[in-house]
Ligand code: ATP
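Given as structure tokens, the chain that follows is alone and in the form predicted alone.
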């Protein structure tokens, strides 16, 4: 059940007293017809102008409504109708709308665990499973752009998130390789750092890979491309490292992970004269004057790549793909990903900057389900026959998808996400320690819908399967160690000899 009560002022461009009868007739007609449009047949309801007064050029109005015709929608309808009627007869029209108070009452599934705060909401009260909010200061454009419905939906989402916060992912084992004896139980990152293969920095959560480690990452890249992607017909693309906000709004990243994005600022000008004082301060103080720098750069409008898939989908926005080009199979491997991990960093497997190959695929459901099996077969070949890992597959759905009812895409059991996990011996016993998610595979509809990607005559699905080079390397080195003599022969044949590296005194 929903109830809306809106008090607003419609300010006209001239005095309303001469057009009082026109206003009265138009409001009566609106109550009978205009504000009832959208209500199902044989159902009573809609919006109603319950009271109004004229004060000079202002029309003060009170509208109540139910869920069929929201009061703010009724107000916008009324504004257009009154502007036409008053303009035609009295040469005045609505110049502005001001919301005095907007009370909304709606049902929630359960009360919040903690107090809620939202923009645009002045008051929020709870009466059992009834939520009552007061919304003020919304503009006409914000009303027309559906802010009210989004506020209501956001309240429900935040309540659900409170109940599910901290819950583990839905996890269902699909397959496992069985136990394999590791050659050691050391943390490969710590050992590589001791040997000078990697160096931490230059800023937190990042690594510099010296020749030996770089060779291992490039070997993993070659295996992924030659043994997984090329045999299945994937084609390479190259994209930008910068992603504008509108793309992330379409994919949901700006709502889901804004606290993990690295943002980009641009210079307001490249005129050397405008930067002269900044350069002087750097020269004299031998420090970067950050406060001065803030004056010289724009507010962020883009961020560094979080994952490569959004821009690949964006590149196909508003296109129709020929049926004979399906499935679309693309991959990108040039752009590093940046994610602010804060306290969650560890080794080379959980970092702020990492290198990955991102395959995406677009096609019919049948095509992508076939591709899913083909990808699993190719990954299994790599993990079993080349890397010789102890690993497993599990169907997963993160808690935020469970609580919103989207654990399976559109309720389809054969879609969703599969995680590939590797045992990390240095973390402890395989039955009690946390395994590393080092590969995944997803199929969903979300991005074809978000970017309006269509086929000639078929319903399209999409998906991705990010291949993290650091994750593959961490899983392999945690089980096989740093001595190539202990590595599988098929891996050594592909990788060849490691470089000598540097002798640093």
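Note that the structure is predicted; figures quoted are calculated from it, not measured. Positions refer to the first chain, counted from 1.
The next section is about a form of this same protein that is not shown, the form predicted in complex with this ligand.
This chain lacks the partner; the member of 473, 65, 439, 462 within 4.5 angstroms of this ligand in the predicted complex by a non-hydrogen atom is 439. Listed residues 77, 339, 333, 210 were compared with this ligand in the predicted complex; 339 is the one with a heavy atom within 4.5 Å. Though the partner is left out of this view, residue 354 does reach within 4.5 Å of this ligand in the predicted complex, counting heavy atoms only. Taking the partner from the other structure, this ligand in the predicted complex has no heavy atom within 4.5 Å of any heavy atom of residue 365.
Looking at residue 421, you'd find every heavy atom of it more than 4.5 angstroms from this ligand in the predicted complex. Interface residue remark: residue 156 is not counted as part of the site for this ligand in the predicted complex, having no heavy atom within 4.5 Å. With the partner left out here, this ligand still marks one of 443 to 451, 52 to 60, 464 to 472, 65 to 73 in the predicted complex; by a 4.5 Å heavy atom cut-off that stretch is 464 to 472.
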